[in-house]
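So this first bit is one chain, no partners, the form predicted on its own, shown in C-alpha cells.
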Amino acid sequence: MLIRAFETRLMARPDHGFQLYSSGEEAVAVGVASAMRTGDRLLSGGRSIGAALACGLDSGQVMAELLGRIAGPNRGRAGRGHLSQPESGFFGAHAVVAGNLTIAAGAALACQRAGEGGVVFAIFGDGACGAGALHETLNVASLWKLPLVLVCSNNGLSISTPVSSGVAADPLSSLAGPFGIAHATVDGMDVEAVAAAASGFAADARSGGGPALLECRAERFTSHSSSTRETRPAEQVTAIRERCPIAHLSAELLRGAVLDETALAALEAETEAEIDRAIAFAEASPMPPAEEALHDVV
C-alpha cells in the first residue's frame, strides 16, 4: 500500500522526473524483502522505488532523492536509477539492464567469505534474461555456491517487446537448469507465494546450498516509464488491474478475519498520512548547491 500510494502521489506532481514505477509489481518487492534478515543485501534494477521502500528506506528520504533534494540518501544525485543506502541493506539500484547481477554475485561472495550467514537478493526484469551477464552470474554463483537469490520480476514486456520475442526460454526460471541451480516460477501478484519461495531459497543459501533463481510473473500497471506512451490496449490494462496484489491480499485478510473493514481503512489512512509526511520532508529540503555537481566524479 505504501509503495502504491507513494508512486501515485509522485506521478501526480509536475516535477516527478523520469521514473520507472513499480505499481502492480509491489508483491515481488515486498515478498522478497520479507525474506531478508539483518546482514542481508538487496539490489534492484532501475525500477527501484518498490524495492527501496520494501527494504525499509524512509519514504521521506526516498521522495527527496527522487525530487533531487539533498535530504535524499544520495543527496539528490542518484535518483531512482542509482538510489542506494547500504547501511539499510539496500545495495542499490542499477540503471543498466542486467547491471546489478554481477555486482550481486560479488556482494554474495563477500557475504560467503564473512561467514555470517548473509544472503544477497537481486531483483531484475525479464529483459535482463537475454543478457550475457545473467548467464555469467549463474555460472560463477553455481561454481562457488554463492548465497545469492536472483529474482526475475517478469512483467511480460521489455518496454513494449513481449518476453517470447526476446528470450527463448519458457519459463524464464528454466535458465538456471543447465547450471544445476534451484529454480521456481510463482505468481508475482501473490505476496505470500513470493515470500514463501524467497524464504525457502534464502534458507537453502544460508545453509550453504548455493544460489537460486526465482521467477515472479507480475503485471505492470503503468507504461514502461513516466516518459513512455502506453502500447497495450485499454481493455488489456483494465483486465491486468483486476489482478491487483493489494486488493487480493486485502480480500484474503478480510475473509480470514485478520483484518476488518475498519482496520483496513485505518491502514489506508495511515499510508496517506505517511506520504503527506514524505512529501513535506522532501519539499523542506533544498536542492544541492551547484558546486556539488562534480563531487564523486573521477
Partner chain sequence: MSSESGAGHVRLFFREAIARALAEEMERDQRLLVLGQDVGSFGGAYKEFAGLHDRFGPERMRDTPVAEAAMVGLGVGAAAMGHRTLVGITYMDFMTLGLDPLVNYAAKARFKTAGRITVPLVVKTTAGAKGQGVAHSQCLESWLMGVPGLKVVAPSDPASAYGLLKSALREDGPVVFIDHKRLFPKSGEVPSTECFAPIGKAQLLREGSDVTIVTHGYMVHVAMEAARELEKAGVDAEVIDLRSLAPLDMDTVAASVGKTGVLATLEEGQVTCGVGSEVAFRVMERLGPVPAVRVGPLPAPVSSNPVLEAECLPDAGRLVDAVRRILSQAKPKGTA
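In this text, all values refer to a predicted model and were calculated from it rather than measured experimentally. Numbering follows the first chain given and starts at 1.
Although it is not shown, the form predicted together with its partner chain is what the next lines describe.
(request) Using a 4.5 Å heavy atom cut-off, state whether residue 80 contacts its partner chain in the predicted complex. (result) Looking in the predicted complex, residue contacts with its partner chain do not include residue 80, since no heavy atom lies within 4.5 Å.
(message) Considering non-hydrogen atoms and a 4.5 Å limit, does its partner chain approach residue 47 in the predicted complex?
(response) No, no contact at 4.5 Å.
(message) Given that its partner chain is not shown alongside this chain, does residue 221 nevertheless sit within 4.5 Å of it in the predicted complex, heavy atom to heavy atom?
(response) Because no heavy atom of residue 221 falls inside 4.5 Å of its partner chain in the predicted complex, the answer is no.
(message) in the predicted complex, does residue 163 come within 4.5 Å of its partner chain, counting heavy atoms only?
(response) Looking in the predicted complex, residue contacts with its partner chain do not include residue 163, since no heavy atom lies within 4.5 Å.
(request) Have a look at 207, 174, 139, 227 for me and say which one sits with a heavy atom within 4.5 Å of its partner chain in the predicted complex. (result) Only one option qualifies, and that one is 139.
(message) So its partner chain isn't shown here. In the predicted complex, which residue out of 181, 189, 107, 128 has a non-hydrogen atom within 4.5 Å of it?
(response) Among 181, 189, 107, 128, a heavy atom within 4.5 Å of its partner chain in the predicted complex occurs only for 107.
(request) Quick one: find which of 166-174, 195-203, 149-157, 131-139 has residues within 4.5 Å of its partner chain in the predicted complex by heavy atom distance. (result) Every other range fails; the passing one is 131-139.
(request) Heavy atoms within 4.5 Å of its partner chain in the predicted complex is the criterion; list the residues of 70-99 that meet it. (result) Counting only heavy atoms within 4.5 Å of its partner chain in the predicted complex, the contacting residues of 70-99 are 73, 74, 75, 77, 78, 82, 84, 85, 86, 87, 91, 93, 94, 96, 99.
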